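The chain that follows stands alone, in the form predicted alone, written as structure tokens.
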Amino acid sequence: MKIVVVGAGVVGIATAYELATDGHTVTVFDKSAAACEEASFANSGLVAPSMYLPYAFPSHKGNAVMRFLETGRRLTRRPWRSLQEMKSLRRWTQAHSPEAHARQLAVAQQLGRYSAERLGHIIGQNQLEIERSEGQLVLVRTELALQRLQTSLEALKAQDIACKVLTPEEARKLEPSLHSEAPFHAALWLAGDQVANCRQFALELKTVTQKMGVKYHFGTDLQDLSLQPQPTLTLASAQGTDVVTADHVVLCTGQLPRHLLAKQPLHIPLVELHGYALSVAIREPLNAPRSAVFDLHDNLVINRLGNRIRVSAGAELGPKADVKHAQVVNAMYRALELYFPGAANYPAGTQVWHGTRHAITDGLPAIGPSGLSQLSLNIGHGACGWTWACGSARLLADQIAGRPTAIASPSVLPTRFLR
């Protein structure tokens, strides 16, 4: 089939790869000037089947009011600043009762494990050279906080995800550069999680797909989409407006014009989640982390990507602010000096990124047939986009081919949102 993919982040490129592998003729369109200019540009790098990711899910504590307050408290920008932010927070928390959270988490972990397997397969199959490291260390500040994690630890065990509780002394054997004064009571060692350079992987995979015949068009914005009598896309670029036909269309971006979504019988409750990343050159490798360290209390991740350290933090719902939040930026610098003092070489290269991820309010992505003929979706991955990218791409390709999928997928089908 002739398939058009809209979106050239890591999810879109992985989708193009899997479709081309199946023998389809694939063309990718993206409104950005190059691949991975949005959420895939500077994410944490964590591929975490454990789902120990900052802001992967909102709070599931107590009733709807308690979930609203608890999740709002942990956001960078307080949701009660504006009515629109409060509405976004309400949408994101209302589906997260403890029972619903447990079901969604199990599906998320299953998809995460499958995706990690697919990532390893793609890297090995194509001999990609990617900055990678194994494992994630989750720092727990107090004994009470550790006790509150028991339900989460039981969920990991139920999914056969290895997790070991460590003392601070044991944790420092895995991360010897971790500062002796770092404030934590215990740590969780998640050996099945990993750090991998998302943007590097996506750009190398893009080169692979181009050799397979995939065509990419950047600076091209989707203006309209008609599915009858066959999928027809109206695309605007600096050169003018083009009309493109295809046998099938796959949307891999949440940045679609609202009037297009309004035409569809799907009502997918997307929210925009904005985060921050600080990337700094390493001055002294012996003082830098070996892999990933997640400060559970402050909801930030510090990890190593080749010759750089990346700190990922912050979460804002609602409209994206025009300026970076100074408190979040300062908190990332402080965390780096608290946990790995002397590791960073700031004058040699420092970058602060502020980007947007589109999440679906029930915490799971929308992968598969839209309910409309010749239109499929692979959207709404939120903070888990890198964790789920390769698995969701393979699931979608198998669904389009009419093959059984490697994991049961009803919980992630877009049709769960049919009006």
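Predicted model, so just to flag it, every value in this text is computed and none were measured. Numbers follow the displayed sequence, beginning with 1.
What comes next is about the form predicted in complex with a small molecule, which is not displayed.
Comment: the small molecule is not present in this chain, but in the predicted complex one of 390, 384, 26, 367 has a heavy atom within 4.5 Å of it, namely 384. None of 318, 289, 231, 254 but one reaches within 4.5 angstroms of the small molecule in the predicted complex through a heavy atom, and that residue is 254. Of the heavy atoms in residue 88, none are within 4.5 Å of the small molecule in the predicted complex. The shortest heavy atom separation between residue 8 and the small molecule in the predicted complex is within 4.5 Å. Although the partner is absent here, residue 31 is a contact residue: one of its heavy atoms lies within 4.5 angstroms of the small molecule in the predicted complex.
The closest heavy atom approach of residue 38 to the small molecule in the predicted complex falls within 4.5 Å. Only one of 390-398, 369-377, 66-74, 38-46 lies within 4.5 Å of the small molecule in the predicted complex by heavy atoms, and it is 38-46.
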